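The form predicted alone is given below as one chain in structure tokens.
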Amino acid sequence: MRAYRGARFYPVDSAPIDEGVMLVEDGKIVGIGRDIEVPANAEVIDLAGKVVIPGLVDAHSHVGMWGDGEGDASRDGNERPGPITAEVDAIDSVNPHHVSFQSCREGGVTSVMIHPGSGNAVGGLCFAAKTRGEVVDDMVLKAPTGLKGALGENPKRGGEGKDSPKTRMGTAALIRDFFARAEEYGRKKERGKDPDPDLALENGLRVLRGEIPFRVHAHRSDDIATAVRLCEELGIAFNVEHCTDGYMIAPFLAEKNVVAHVGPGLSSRGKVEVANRDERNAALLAEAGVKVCLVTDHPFLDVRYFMAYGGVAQKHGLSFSDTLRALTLSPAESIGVEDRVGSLAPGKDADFLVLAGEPFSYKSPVLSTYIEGVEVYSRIDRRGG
């Protein structure tokens, strides 16, 4: 057992603890508080003057599959050329030895949900993983965690050929048609007709049956509204990925109980549909009552700067507590892994960060990153002592 003592702890789901103690054994938190008794046989780690927060949870990432630093040969995020590729699974594209996982650990990101890209109207299965491991199967936190969908600019330009969508209405029609076919496929199975196996439609059925949500890429406000319209028509669980123009229709999204995965931040207006990007977005959504999760969309915001993105969101009006929650517990809840990660509490995985000072300040680098009680990054080691 180890006892981490003397730091200021931010559990997230309860009040901060000054000069607290956190006990860790077998990769789990077994106690946290100010007056925790430290067993005589515990190894004591003195963290006086430091700050401890949960490991960051990035609910929209392409780590290990996007070829950053490796070029086109390793860009494995979008299957081509068809607009509907619901049969594919992101787990089959991820290289756990890719440099982006080390970037996660440097930036304090201990859990990620990895998505296929948004070049297809329906793009395949997402999954969640820890950012430490040698074999991706051993890193899985939950799989699958959703079926990827996309509206707007990306699927319009994503493929070539007669079946590629050319308009926004064409993209929406393809999604409707896909789920209609999945519904009919399910009816045939229920009637005992035993249709020919179809992996794409099987994944569509998972969404229709409520087993996984539809995670819909949408930047522009009209695309966001279309995502809501489609999913309400279909009666399926969903969330909006990116939600760049969300602030423009924030009361509508709050009324619809939309969960917004907001990001990437700190980036350019690199395409037409993000022309209205505003760093106040997260704050305005939260103020309206929308549940906000900040995301990196790595490599479009390098995961090493996820904490900095939180700082920018806070600067533009998101409260400290909402910012910390948007990087930890809210995304864990959106993924469905809050029983293991996202806050510091007994029974949860010992995924946590040791910071030099208060979160979101450039003066407070990540000193150490721990996943299940194992130190996976040390700034001291990185700098050679």
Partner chain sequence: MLAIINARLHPVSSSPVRGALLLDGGSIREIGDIRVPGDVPVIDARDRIVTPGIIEAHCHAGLSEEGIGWEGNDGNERSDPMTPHVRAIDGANPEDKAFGFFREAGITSSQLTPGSANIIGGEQLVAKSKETLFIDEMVVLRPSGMKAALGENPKRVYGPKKSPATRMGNAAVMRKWLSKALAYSKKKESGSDPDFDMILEALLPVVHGDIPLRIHCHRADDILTAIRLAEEFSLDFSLEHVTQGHLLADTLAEKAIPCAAGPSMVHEAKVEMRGNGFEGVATMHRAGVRICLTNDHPVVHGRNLPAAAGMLQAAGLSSDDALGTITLAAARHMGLGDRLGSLEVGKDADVVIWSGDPLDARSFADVTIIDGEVVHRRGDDA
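Positions refer to the first chain, counted from 1. Every value quoted in this text rests on a predicted model; they were computed, and no experiment measured them.
One more form of this protein, predicted in complex with its partner chain, exists but is not displayed; see below.
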Listed residue (141, 174, 94, 250) with a non-hydrogen atom within 4.5 angstroms of its partner chain in the model of the complex: 94
By the heavy atom within 4.5 Å rule, which residue out of 188, 229, 181, 80 makes contact with its partner chain in the model of the complex? 80
Out of the stretches listed (255-263, 240-248, 282-290, 191-199), which one is close to its partner chain in the model of the complex, meaning heavy atoms within 4.5 Å? 191-199
Using 4.5 Å between non-hydrogen atoms, is residue 89 touching its partner chain in the model of the complex? yes
Report yes if any heavy atom of residue 70 sits within 4.5 Å of a heavy atom of its partner chain in the model of the complex; otherwise report no. yes
Touches its partner chain in the model of the complex: residue 75 (any heavy atom, 4.5 Å): yes
Quick one: is residue 135 in contact with its partner chain in the model of the complex, heavy atoms, 4.5 Å cut-off? yes
